[in-house]
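Given as structure tokens, the chain that follows is alone and in the form predicted on its own.
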Amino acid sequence: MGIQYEENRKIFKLDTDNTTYAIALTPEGYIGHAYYGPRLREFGGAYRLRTAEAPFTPSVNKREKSAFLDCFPAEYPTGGIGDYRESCLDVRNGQGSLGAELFYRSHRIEQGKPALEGLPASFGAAGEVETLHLFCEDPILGLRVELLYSAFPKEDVIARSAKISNAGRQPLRLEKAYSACLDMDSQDFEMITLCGSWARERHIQRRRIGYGRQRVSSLKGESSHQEHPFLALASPGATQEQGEVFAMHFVYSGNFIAQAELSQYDQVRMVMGIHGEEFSWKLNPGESFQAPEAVLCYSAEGLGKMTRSFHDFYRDHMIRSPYKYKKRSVLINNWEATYFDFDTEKLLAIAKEAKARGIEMLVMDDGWFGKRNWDDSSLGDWQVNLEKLTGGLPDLVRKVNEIGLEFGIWFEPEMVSPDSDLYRAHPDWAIQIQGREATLSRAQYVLDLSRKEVRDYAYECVASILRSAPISYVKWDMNRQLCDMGSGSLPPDRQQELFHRYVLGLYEMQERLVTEFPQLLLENCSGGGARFDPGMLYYSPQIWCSDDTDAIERLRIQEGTALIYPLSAIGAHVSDCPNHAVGRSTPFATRGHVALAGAFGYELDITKIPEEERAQIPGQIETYHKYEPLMHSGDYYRLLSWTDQKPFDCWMVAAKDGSEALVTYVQVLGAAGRRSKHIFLKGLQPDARYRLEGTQEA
């Protein structure tokens, strides 16, 4: 395997198939980042720490310790002691002073990878991954930090996290606890991020790094529509095939920061973790705090190699669902077909026509419970509305199954409506600041998932419904962000733990769900794509990509998403036209081709669309199932990009052995006087002869 320690030179070398990550220790025990890049047979580069030049290490030049710390390439920098760049760990002692200094104490190398308590994290068996545990200590505070590095050779990925423990006698307060840092010399990097808004999530943004701090972040209690917990630094002009890329991705579903900082010494510090604003964690003696995982990937072969590394890694080491490579039923969701205006007969009419066209599952979306005829009531009252579903839910599911379809259902378990029996009985269960009127969003409040009784209630609401009938699929939604952060169960000195405790509560609920219902196909959603992150991927093999189902807008959304996520994780549906979000009309065939690059389904009233469109559905479904194994396991290549101001968009998925490939080309804009376009394919065997399907051409 690929982790070695050279005792005489105090160097740790972590190898994957194509990369090397090196860590070096100074005589004092400072832990320095020495190298990350193409794989090296041997590494003798402790000189990259520059400890032999001014200002030297503190044991040589104590009078300039701050100058040393402010340029030392630290693996896990701490705040308050003289490094004025972004820190990863800020600790305040019992007297109110901020400062911590970590020194290496010991290490352990093991096969496999440990789980992270209460958090989603990558996994792998012995032979697939090896883990380095670096044990550090601040002897003044009695603070111990365990830095974990797991090397996945095949995928060229390093997974990092940190566990912080109070082994002293006084309470400590963590005011920042990031997961990873990468210190490098500047290469005039370009910063690549994924940004947007509701209905236009994860658009690729690229800009040159200047001096100072440049970040993307979220303080919304989720990873958000607007930003994404991903950051890549690329060499100038890096393309799909050429250039260096250093990438970080955060396995977390709450507030985050991803930042690059160019210092006065032309060094770049790249950090990722839970956002330090509105975060504080009381750490009593004997207690520990586990930071979430960050996934690091280096590519010397451009963005395309980075993409394929992330895809393989998430498929094999993050997604646990039995649907990882299993056939998934093509569903039709009634949301854009009916919104809240439906009953049993309307759903059965959709189901019958869907079955006739080859669709395999009916999903009943929002509006089936309480008195939910609009979005201003009944969240929290998860009892079937018998005026809509006259025979009850088991009767509806039975009739849908008799038609020949599986059945799925929508929930929003984290929310409560002011107009609900739950809120009238337990107004204190909503997150709110005592004495202040809470802010409504989408006419709803957020349940306080930091409280066990609230989690138990919300979970049981979902589980009891699933126990009542053979339900194959759940869409778990969250339609607003967090604010008014106050919990009735936390003392004043722990209120700033609420954001993180909320996420931990969410993870606990979803872990219970997939444990009790292991064959359930779970799809996470948050007003579309506001919580599309690796943390959610750990619980659900697919995530609803965006509420914007317009095929043309989806080209940019799905390109940005596929930059780091496998296509099998991207919920993508064919919807009606004019599109409900943007009003655009696009050919039905084009809508099908775009949705094929994801977990395929339909979002329309099949009883009302034109017959010529209905007639295309069986062929679209046949095509999806034919290529589903390829889309789930093949290598993704971005060939052309509408994002780059081209009038067309093109991507392909090739089998890993190069035996077949599926190429999708979309002409976004027509133009007069143009000739046909040559497409240069990738990922194929150079000496093989291929046949274009449906023709005799080779």
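Note that residue numbering follows the sequence shown and begins at 1. These numbers were taken from a predicted model, which means no experiment stands behind them.
The same protein also exists as the form predicted in complex with a small molecule; that form is not shown, yet it is the one meant from here on.
Any non-hydrogen atom of G370 within 4.5 angstroms of the small molecule in the predicted complex: No.
Indicate whether the small molecule has at least one heavy atom within 4.5 Å of a heavy atom of Y538 in the predicted complex. Y538: no, not in contact with the small molecule in the predicted complex.
How about Y565 - does it come within 4.5 Å of the small molecule in the predicted complex, if we only consider non-hydrogen atoms? Flag for Y565 set to no.
Interface membership of R144, the small molecule in the predicted complex, 4.5 Å heavy atom rule: Heavy-atom contact with the small molecule at 4.5 Å: absent for R144.
R173, R215, R398, R442 - the one with a heavy atom within 4.5 Å of the small molecule in the predicted complex: None of the other options qualify; the answer is R442.
Looking at E559, E130, D547, E553, which has any heavy atom no more than 4.5 Å from the small molecule in the predicted complex? It is D547 that has a heavy atom within 4.5 Å of the partner.
Contact stretch among 523-531, 288-296, 67-75, 578-586 - heavy atom within 4.5 Å of the small molecule in the predicted complex: The contacting stretch here is 523-531.
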